[in-house]
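In structure tokens, one chain follows: the form predicted alone.
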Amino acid sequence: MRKELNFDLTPLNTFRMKVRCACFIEYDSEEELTSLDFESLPKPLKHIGGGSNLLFTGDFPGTILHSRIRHVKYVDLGLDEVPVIAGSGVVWDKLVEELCGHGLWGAENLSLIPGEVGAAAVQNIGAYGVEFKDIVTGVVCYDLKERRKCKFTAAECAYGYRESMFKEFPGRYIITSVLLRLSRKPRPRLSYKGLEGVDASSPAAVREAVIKIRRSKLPDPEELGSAGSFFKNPVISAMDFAKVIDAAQGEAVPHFLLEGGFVKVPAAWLIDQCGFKGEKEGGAQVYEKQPLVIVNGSGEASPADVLELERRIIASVHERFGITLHPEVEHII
């Protein structure tokens, strides 16, 4: 176990915000986690994964916890369905690469998403028509309130678009491992725009196509600090969508029809229509190739720069289209 005080969090958030925490603890097993004297630690407590979906708005006064539980176990019973147990500290894309290498279908569309397995379960990550909820069957946690190990089925996790039960009880549950369900049978999902007609001879081939698309649109966090997609794609009523069409003044509005008559509109399109592609605020900038992403363009952007650019984008989109964008990136105050 690793414990450090006044710890520099810059390398542990992909935005590369220069912030610190009062205490940092990294554990290698469930036993180390449960052995901690939580009452004695600086408060509040916050568990992070790879820091790829976070914006620290300043120095954190409490304790940051991080998992290094990195086992991957296959339950191979010779069936088409293959259960896989992965520790919360496993790097998500490394896991997807391994699964595809074994010829297992289900996770390939989620390739190159940064972060770790535990955070993927909290966030319900998704891309190209697939979400984490589509391949998970169970989640194992440590309940900080009741000080005990607990398990939840996928249904109990109440997954929705970038939502889960874990977000309803922030800070209560620390995920230690997940149970995934993969398939030996080919199950390519290629209906999402950009994937039509790609090589689907293997999950590795689909993974390669997904990676190519993502790299053409999104910055490499190793080279340019960001937290990926900054805003959620708004889901609106048919009536509100009609207002968006009117405000578009003849521009075709990309959209996806959902159950119940709701419509999902790409936040990137709304932001682009408001002229924010490449827009700067201090050291922060809207990524020139993908307006859904805010980057640490100068490498020296402050949290205040990002927050002000976020505010301006939300205000502009609301003024023109009547839609209030909500951040997908979690703000850590």
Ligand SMILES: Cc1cc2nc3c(=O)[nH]c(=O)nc-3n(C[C@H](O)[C@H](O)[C@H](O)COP(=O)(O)OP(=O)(O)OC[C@H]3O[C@@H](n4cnc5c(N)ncnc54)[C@H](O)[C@@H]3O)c2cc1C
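Please read these numbers as outputs of a predicted model, since none were measured by experiment. Residue numbers here begin at 1 and follow the sequence given.
There is another form of this protein, the form predicted together with the named molecule, and it is not shown here; the text below is about that form.
(request) Report whether the minimum heavy atom distance between Glu116 and the named molecule in the predicted bound form is within 4.5 Å. (result) Contact check for Glu116: yes, within 4.5 Å of the named molecule in the predicted bound form.
(request) Tell me, yes or no, whether Arg214 is in contact with the named molecule in the predicted bound form, where a contact means a heavy atom of each within 4.5 Å. (result) Because a heavy atom of Arg214 falls inside 4.5 Å of the named molecule in the predicted bound form, the answer is yes.
(request) Answer for Cys274 alone: is it within 4.5 Å of the named molecule in the predicted bound form, judged on heavy atom distances? (result) It does not: once the named molecule is placed as it appears in the predicted bound form, Cys274 has no heavy atom within 4.5 Å of it.
(message) in the predicted bound form, does Gly50 come within 4.5 Å of the named molecule, counting heavy atoms only?
(response) Yes - in the predicted bound form, heavy atoms of Gly50 and the named molecule come within 4.5 Å of each other.
(request) Quick one: find which of 237-245, 250-258, 173-181, 187-195 has residues within 4.5 Å of the named molecule in the predicted bound form by heavy atom distance. (result) Result for this chain: 173-181.
(message) Does the named molecule, in the predicted bound form, lie within 4.5 angstroms of each residue among Gly58, Asn296 and His326, using heavy atoms as the measure?
(response) Contact check failed for every one of Gly58, Asn296 and His326.
(message) Where, within 2-33, is there a heavy atom within 4.5 Å of the named molecule in the predicted bound form? Residue list please.
(response) Heavy-atom contacts to the named molecule in the predicted bound form: only Thr14.
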